[in-house]
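A lone chain, given as structure tokens: the form predicted on its own.
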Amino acid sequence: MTIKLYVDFGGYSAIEKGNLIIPRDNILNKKDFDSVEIGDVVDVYSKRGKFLGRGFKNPREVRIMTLRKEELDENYIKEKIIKANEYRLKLGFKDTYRMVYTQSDWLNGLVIDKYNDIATVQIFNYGIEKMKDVVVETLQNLGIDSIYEKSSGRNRKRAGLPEVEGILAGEKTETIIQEGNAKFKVTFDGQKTGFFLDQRENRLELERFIKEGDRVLDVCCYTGGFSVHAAIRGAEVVGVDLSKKALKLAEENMELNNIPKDKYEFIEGNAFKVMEEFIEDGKNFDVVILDPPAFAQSKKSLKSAMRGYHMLNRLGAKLADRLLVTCSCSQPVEPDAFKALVIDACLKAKKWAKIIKYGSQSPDHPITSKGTEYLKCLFLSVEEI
């Protein structure tokens, strides 16, 4: 018999608004929650007895998998992965894309990225982890040769699960992917899953604004995603990142795209300090790109994150002569709040900014609720006041 858990969200159902992660703190009958084995199926009800959803228990939360009373078995996992992949194929994705995006694909706590014939898997749900073999078998049946797991980070900790990393099937750990006219070497021993697929549309959009001979500053460049797209359009690029390993791969990506070595430079260092030094030295760039890691992992860190974003954008705006491209992947940062922050930071930098393009995450990262929308990318025309 499936255990019934009753939740209270202060007068409204967060589940009905698309939030499918239920913290233990919101569960009224905590003793029943604690009595359930980790990874077991539970049903979630409102405090008035309305059925809200069915999911798996994790140490500190319940992850809702379905809003129906259906079996959460191996067939469920297999069918949802296949359906998620078919959805991307219908959108026109072919070789490289996010195949499964957690709750947006009714696989709450599972993320799968496909890079040609390699897939990376992230699991944040113990119920899915218990059926990991099904995930691997399904991917192999879909033509994936090698599967690499990188289950780590805040979502893993939030679920109360240990970090896991390693090869689940096959032997390949790197490949070359194509993105528009650009090529990228992708490896699976770096940050997250080797390459940020969510920025695909924004990287391609950047090419529209690059002119031959532009000086481009790419801050938090990681493995050179934006840098390569700027360089193949004829720009001279300076990239900045803290990770020596990422910068080495960024250089390899430049070489892969036949970019002359005198057309790019990568600097290992703190983004804030490097930008401050550039300002002190009187340097400027036609285009400045800011793509930092998430400053806010939760609402608790939102205030300090906003200060960090403001400072970063103020420095970026000072260095930008024509175009500022600025991003935030912090889910707690609201899109309108980010726009207002960036405009204010530009004003503080004595720059008049006009938003000419607003980008979000690539459509293979479908937004189905507030909790699944996180990436903001602004393209701003800037000029001195």
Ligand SMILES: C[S@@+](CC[C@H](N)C(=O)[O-])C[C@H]1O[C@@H](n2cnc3c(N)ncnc32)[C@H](O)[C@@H]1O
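Sequential numbering from 1, following the sequence displayed. The shown structure was predicted, so the numbers you read here are calculated from the model rather than taken from an experiment.
Beyond what is shown, the protein has a form predicted together with the ligand; the following relates to that form.
A.B. asks: Quick one: which of 239 to 247, 97 to 105, 84 to 92, 71 to 79 gets within 4.5 Å of the ligand in the predicted complex, going by heavy atoms?
C.D. replies: Heavy-atom contact with the partner occurs in 239 to 247.
A.B. asks: I'd like to know if Q178 sits close to the ligand in the predicted complex, meaning any non-hydrogen atom pair within 4.5 angstroms.
C.D. replies: No, no contact at 4.5 Å.
A.B. asks: Could you tell me if Y115 has a non-hydrogen atom within 4.5 Å of the ligand in the predicted complex?
C.D. replies: Contact with the ligand, no.
A.B. asks: So in the predicted complex, does C220 come within 4.5 Å of the ligand, heavy atom to heavy atom?
C.D. replies: Answer yes; at least one heavy atom of C220 falls within 4.5 Å of the ligand in the predicted complex.
A.B. asks: Examine D291 and determine whether its closest non-hydrogen atom to the ligand in the predicted complex is within 4.5 angstroms.
C.D. replies: D291: contacts the ligand in the predicted complex.
A.B. asks: Could you spot which one of S298, N258, S304, N270 gets a heavy atom to within 4.5 Å of the ligand in the predicted complex?
C.D. replies: Flagged contact: N270.
A.B. asks: Of these, F285, F278, Y148, F196, which has a heavy atom no more than 4.5 Å from the ligand in the predicted complex?
C.D. replies: Contact check passes for F196.
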